[in-house]
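A lone chain, given as structure tokens: the form predicted on its own.
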């Protein structure tokens, strides 16, 4: 099977890169093993929330010059970053995914970080958010005094108490209520179905979301904010707007334990945009047995296709970090399992992690060693037609920085541009 570009991984970076290439006339094939980071998404995209030294960032574009030279953003460069940042909302809109920023602009008109309410009741910085996620201008000035937090009876993946406690510390008077809906109650017969996606499926029925909205409206007692779990609009996000119109207060949707409804919805829409553009998406398959000769990848295979080789001019690796098994650890090293690419990690394993589970973990910053165009190395030698994008790229701790989605999108756009220009 012959393609212009083969992309390994089915998440945010893979799909952005694939859509960009496919719409530019390339024939692209994506090999996706299964779940990816979008399935665990908060519904918001971070570009840069803090610098490596812990300094909080309000305007990401103004802070790029403070990043080390090995950081993916430094490799892309400020000018190209500015173009990609400006392009991102329209790109996602063209794929059926509406994103918005906090209603405040920084220097040069670029969005400043807003703040999203987390399931733990804290506020975290975000660059862009999906349409059902509220972004606040400031984490210090909460614009509401009374909040009603509503959950489904028996839904344990949405902890109303954490949210109420977090808002109460910021001066918001909170009240917690639960609502029972017949079809949701039926899900409780099978605990595996009583998850966010299962609820979202039954709440897609008109009679169910109307009943829910009506019950929440009756529960309202002068609150100026109503908080609901993100379990609506899996197939049609217009339900989100209808609920907001039914409820006589500002409505905020807050994330649940994974899986993520807005994340899965976004992944489905990006996948559809890729396929509508003519791309081929191999789902539930794993890339194996690549052939690398004289610094070039000539083919790969997949578990499902067996002896059938997949050939392309260029290859892109976007299979994730340690959590997504794009990287793997042994007692002595961190390895990239598909191609055996060079990785960056200290030899002393004792420095890899902190015994305090909630402390910053050094291994989050490990990744594949890449040059300025995101080409990796094998044994110190560059692989000329292979590129690495997303969380697998070394040079930053995207979890600590709050830059995961930003690194995924920016590196995807950069590599797509490099492939199209022949660089």
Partner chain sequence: MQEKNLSFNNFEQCIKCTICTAYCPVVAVNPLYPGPKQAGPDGERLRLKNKFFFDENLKYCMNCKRCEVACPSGVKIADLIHSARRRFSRNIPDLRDRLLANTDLLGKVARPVAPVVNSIVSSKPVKAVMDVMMDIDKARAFPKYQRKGFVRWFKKEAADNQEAYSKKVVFFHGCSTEFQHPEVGKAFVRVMNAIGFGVKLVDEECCGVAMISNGLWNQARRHAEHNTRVFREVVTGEGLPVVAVSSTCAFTMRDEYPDVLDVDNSDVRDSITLAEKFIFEKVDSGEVRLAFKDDYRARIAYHCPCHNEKLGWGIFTKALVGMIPGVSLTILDSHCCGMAGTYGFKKENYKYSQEIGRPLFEQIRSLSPDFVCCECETCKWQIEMSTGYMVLNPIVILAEALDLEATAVANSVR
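All figures in this text were calculated on a predicted structure; none of them were measured in a lab. Numbering follows the first chain given and starts at 1.
Missing here is the form predicted together with its partner chain; even so, the following discussion is about that form.
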| query | finding |
| --- | --- |
| Residue 284, heavy atom within 4.5 angstroms of its partner chain in the model of the complex | yes |
| Heavy atom of residue 242 within 4.5 Å of its partner chain in the model of the complex | no |
| Proximity of residue 224 to its partner chain in the model of the complex, heavy atoms at 4.5 Å | no |
| Residue 166 within 4.5 Å of its partner chain in the model of the complex, heavy atoms | no |
| 1, 195 and 259 each touching its partner chain in the model of the complex (heavy atom, 4.5 Å) | yes |
| One residue of 100, 175, 80, 272 in contact with its partner chain, assessed in the model of the complex (non-hydrogen atom, 4.5 angstroms) | 272 |
| Sole residue of 267, 314, 88, 319 within 4.5 Å of its partner chain in the model of the complex, by heavy atom | 267 |
| Its partner chain in the model of the complex: contacting segment from 272-280, 68-76, 144-152, 167-175, heavy atom within 4.5 Å | 272-280 |
| Those residues of 313-335 which, in the model of the complex, come within 4.5 Å of its partner chain by heavy atom | 323, 325 |
